[in-house]
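First comes one chain, alone, set out as structure tokens in the form predicted on its own.
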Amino acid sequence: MIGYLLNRIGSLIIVVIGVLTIVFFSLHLAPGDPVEVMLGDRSSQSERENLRRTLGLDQPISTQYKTYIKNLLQGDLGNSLHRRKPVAEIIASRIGATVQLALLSMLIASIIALPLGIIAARYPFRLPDRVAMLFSVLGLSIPNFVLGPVLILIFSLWLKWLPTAGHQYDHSWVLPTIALGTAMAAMLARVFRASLIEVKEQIFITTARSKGLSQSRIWITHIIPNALLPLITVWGLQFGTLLGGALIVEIVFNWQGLGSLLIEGIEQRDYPIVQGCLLVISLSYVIINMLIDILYAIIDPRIQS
């Protein structure tokens, strides 16, 4: 188990370094100058050169990369070029909103998907199954940038039940979590249905029926618990995806989280902000995947071999 864990940690480090390297050089080699964004078009050449020297952007890109990695190993994400504040402080003030959005979206998706998957698997290829899978297809087909404005139009502007944007109100989380969790609920329902149907056909389920156990007991004690195992991977992958992919929903609903901060950093050519956001997103994604792999290795020791 220790060897397996060390192997996963080594893979994690390699992936994170690769992501950081690609992001760093992609940002610095892309067209555009953050100094011009900060000072504007009317600034003089001397003003731009002085600011560029102050920010260290006049150094060769290889030197900037070495400095960035050195500071990163010391826990320093640098200072924002636009806000002139530590990147770690800025990210810390915004990541909580994104984690809240991701957790609530996963909760809503699970509440919707698990009953749908059970109903669909309980009556396969019949009307309940077709209705549940129709919802699944619709959930996967409607993108967030379409569903979000539709929800705002119906529940905020027409019915006036919920706030349109922001996260400072009591029920402001409802619409963005529905918009973000719908696609995840649709995918979870399909995965759970397939897993339930597969488990139903196993020999130990036939044995349980031959012992005279009731259908409800078989489902509760045998089928559902065993069918939940494949969902562990989906939940883990989707949580990492929600942390990085919530930016569209955050922009639509003006949710001040990590995704909207990433977009702001890209628009302002704020290299440290973009690099810091992508570092947090990539780290969360690979760490969650590593934890899922370790959990699977504990459940099924054959994976360690």
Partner chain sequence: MNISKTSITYYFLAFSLLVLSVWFFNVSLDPKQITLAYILSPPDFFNTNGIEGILGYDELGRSVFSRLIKGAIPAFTIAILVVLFSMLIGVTIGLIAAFFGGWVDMVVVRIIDVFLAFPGLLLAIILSGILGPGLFNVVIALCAVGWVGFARITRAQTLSLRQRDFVVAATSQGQKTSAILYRHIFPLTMAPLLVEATFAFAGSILAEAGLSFLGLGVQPPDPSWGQMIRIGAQYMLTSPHYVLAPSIALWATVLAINYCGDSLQRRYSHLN
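By rigid core we mean the largest C-alpha set that fits within 1.5 Å across both forms. Residue numbers count along the first chain shown, from 1. Because the structure is a prediction, the values reported are computed rather than measured.
Although not depicted, the form predicted in complex with its partner chain is the subject of the following passage.
Contact check for Y123: no non-hydrogen atom falls within 4.5 Å of its partner chain in the predicted bound form. Though the partner is left out of this view, S216 does not reach within 4.5 Å of its partner chain in the predicted bound form, counting heavy atoms only. For Y296, no non-hydrogen atom is located within 4.5 Å of its partner chain in the predicted bound form, even though that partner is not displayed. Using a 4.5 angstroms limit between non-hydrogen atoms, I203 is distant from its partner chain in the predicted bound form.
Stretch 138 to 146 is the answer when you ask which of 74 to 82, 208 to 216, 92 to 100, 138 to 146 has residues with heavy atoms within 4.5 Å of its partner chain in the predicted bound form. Contact residues in stretch 250 to 273 (any heavy atom within 4.5 Å of its partner chain, taken in the predicted bound form) are I251, V252, L262, I263, I266, E267, R269, Y271. Superposition on the rigid core between this form and the one not shown places the CA atom of V286 less than 2 Å from its counterpart.
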